[in-house]
Structure formats: C-alpha cells, structure tokens
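This document opens with one chain alone, in structure tokens, the form predicted alone.
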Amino acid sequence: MEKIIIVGGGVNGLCAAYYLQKRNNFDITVIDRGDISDNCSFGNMGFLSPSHFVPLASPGVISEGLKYMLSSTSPFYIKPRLNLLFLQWALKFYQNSNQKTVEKNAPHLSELLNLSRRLMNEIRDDIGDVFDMEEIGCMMMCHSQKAFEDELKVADSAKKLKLAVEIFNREELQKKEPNVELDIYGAVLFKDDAHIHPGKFMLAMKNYLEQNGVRFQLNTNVSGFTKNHKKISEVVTDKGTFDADEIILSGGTWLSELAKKAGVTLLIEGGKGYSYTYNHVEKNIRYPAILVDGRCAVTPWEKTLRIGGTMEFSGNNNKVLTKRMEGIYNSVKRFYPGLKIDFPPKDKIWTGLRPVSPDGLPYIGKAGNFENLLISGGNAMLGISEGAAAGQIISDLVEKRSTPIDISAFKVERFN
C-alpha cells in the first residue's frame, strides 16, 4: 500500500485526503503544525462562490491599495518591507493586475470554481448534511449607484460564463430581508453560489477521514525532507520521520516556507483577514452578502452571524489591529442600520492568513524535479470555494489519471 503524506490540514489538505481515501489503496497521514482548528479554512466566511471568477490581481487593485495605504481602518493594505521574496511577489502581482491577464485567467478560475461547487454537493451527500450548507446564492450589495452600475458589468460577464443572476433595487431587497432595515442602493444575486459553516465543515471532514483510516499527526513542525535522486523518501519533523511514496504540500500561507525546504521556490504572501461571529442575533439577515463598496462580507446561519473582511499584507503574523475590525463593523452598520450588533471585544476577534499568489490563481500540480512531490495552495480568498476541486485534481495526479479540467493555468512554477 502506497504511503501518502499530506503536509497541511487546511481545506486543501483535507479534501485531497478525502478523494485519495476513496480509492482504498493508500496509507494516508495528514501532518499539521496546529490542531486543524486554527487555520484560515476554519474562521472564514464560508462562501462557495462560482461568482468570484475575477482573480484578486485585477485592474485597479494596486491604485486602490495605494489609496488606502495610510488609513488604519482600510480594507486593503500592503506594508512595504525589504524582503526579497516579498518584493518579487509584489512585482509579479503588479504585472498581473491588468485586464489582459484577467481575461486570460478568469475562464480557468471559473472552471475550477464551478467544478468545486458541484463536488461540494456530493461531499455533503456523502458525509452528511452537518455543516449548515445553504444554496440560496450570495448577494453583492451596493450602497452607491456607481458600485451598483459596476456590479452590473460583472453580472453581464457572469452571464457569459453561464452563471444565473438576479438584480434587485432597494425596495425589492428590503422584501428579501424583512427582519433588518437596509440602506442599500441595489444588489446582484449570484444564484449559483452557496455558503457553509467552514468550522463545522472542517471538523466533519476530519471526523470522517479518521473514521475511514486517515491518520492525523497534529502540532507537528516539518523541518525538512530526505531526498533520494528524483524522489523525496521521508518527511522530517520535530516528532519523528515519516516515510512517503507521495508527498502533498498544502500548508496554506506557510506553503512557501515548506516548499523551500524541498528546494522549490513559491511566491506566496499572507493576506490577513479579520472576522467576528455573533451567536445570538434575534433579528438576523437572511442572505450571505459581499458589501461591494463596503469591502467586507456577512454570513448568516440561523441566529448566528459572521462579519469579516480586509486584505492586509503585513507579513505572516496574527497581530490584531482593532482599527481593521472597526472598518468592517462600520461598513456593516452602514449597509444594515437595523442590525442589532455591538462592536466585538478585541480578545474575541479572529484573524487568519490567506495564501495569495501573484496572479490570484492557486498552485496545483507537480513541483520541482521530483516525481512524487505535489503542491496545492495559494487560493487567496477562495480556499473553501476551490478546495473540493483541488482535492480531486490532486487525487487524479497521484493516480496518474487525467484531470476533469485543464490545470495549465495553475502550474506550480509559472513564475520561476
């Protein structure tokens, strides 16, 4: 039986383990530096978003970042620093933030998102409806007329990709959200989107995998790899050495550091996001939403509400800047003045680091000159949206089968 080591217990790692264990011919171990509950897959907004087919690296994002640079409550921030890999990443990000690159990459991203969306329904049917999945779409809420007009252009592009959309004015929106007073000009509902509770999903996947023979080696740091010609034979950790026939690196923001230990250069920067979860909202919103010109998001699960957002590039740290959450909270209150929520206590604010590649596309595929090293990561804000598809693709590559979609755009060493 082939031994497979998956380094990284985020959504990509668990989904890869899920599809590989289906084959019943692999001995699978997932190694994670934490306990699974402390990664970005756990505390995000839980969106499954075929509608997010425009990569993060897109026209206007750089000028927007410069505009917000001096604002402590801004939703987008890049902290300048003298670090070679960061400077290389920043240059490539700048070079990819143009319309031509977006037009080239968007169809590939759309295919990946749609595949993952379909697969998530299959996973739910397989492991059980235990992670609060709702298929009611996602609202793109616009406070201003200009934001609404811009979002209508995105809706037109979505229709060309065969996504279903519905448009609402202020009065129609208020009828959709009868429990909370709104202050919103208009919205576009992307009807193919869905949302889940990501924490419940991660725990459900871990429990399912353990019940089906997958081992978890948690709170374990990888220090290196034993290389044998064109293969890696062992994963070396602070808790011992693990033999491997196939190795999958899916370490989220730490993926660049892991890959470097194997001699592979990956450009990834951590984009910090913030969120807070209210557990007893008596009059809650009905629809998950992106607040377009508020630059944040809201996700409801019955009487639970999560607010979150920001993209802060300030290095790999979990430092909480309360002003960032202040910006999120103020935007939510501006869009939903009738929502009865207080400002979060600082010690309860969640932060997570999203792994962002220079073009906003993930890395999926073989790495370096090794025959048995695969990488899956760099999903930016779309880890939950892309995880199932990435997991199936990795499983196909391990078994040397054809993949369900063209993955050439996600080539691991495309920036080398």
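We number the residues from 1 along the sequence you see. The shown structure was predicted, so the numbers you read here are calculated from the model rather than taken from an experiment.
Unshown form predicted together with a small molecule; subsequent notes refer to it.
Under a 4.5 angstroms non-hydrogen atom cutoff, the small molecule in the predicted bound form lacks Gly368 among its neighbouring residues.
Contact annotation: Cys40 falls within 4.5 Å of the small molecule in the predicted bound form, judged by heavy atom distances.
At least one heavy atom of Gly352 is located within 4.5 Å of the small molecule in the predicted bound form. Contact annotation for Tyr274: at least one heavy atom lies within 4.5 Å of the small molecule in the predicted bound form. The partner is absent here, but in the predicted bound form a heavy atom of Asn221, alone among Asn169, Asn221, Asn83, Gln99, sits within 4.5 Å of the small molecule. Annotated contacts: Ser116, Ile127 and Lys191 are all free of the small molecule in the predicted bound form [non-hydrogen atom within 4.5 angstroms]. None of 150 to 158, 239 to 247, 88 to 96, 252 to 260 except one has non-hydrogen atoms within 4.5 angstroms of the small molecule in the predicted bound form; the exception is 252 to 260.
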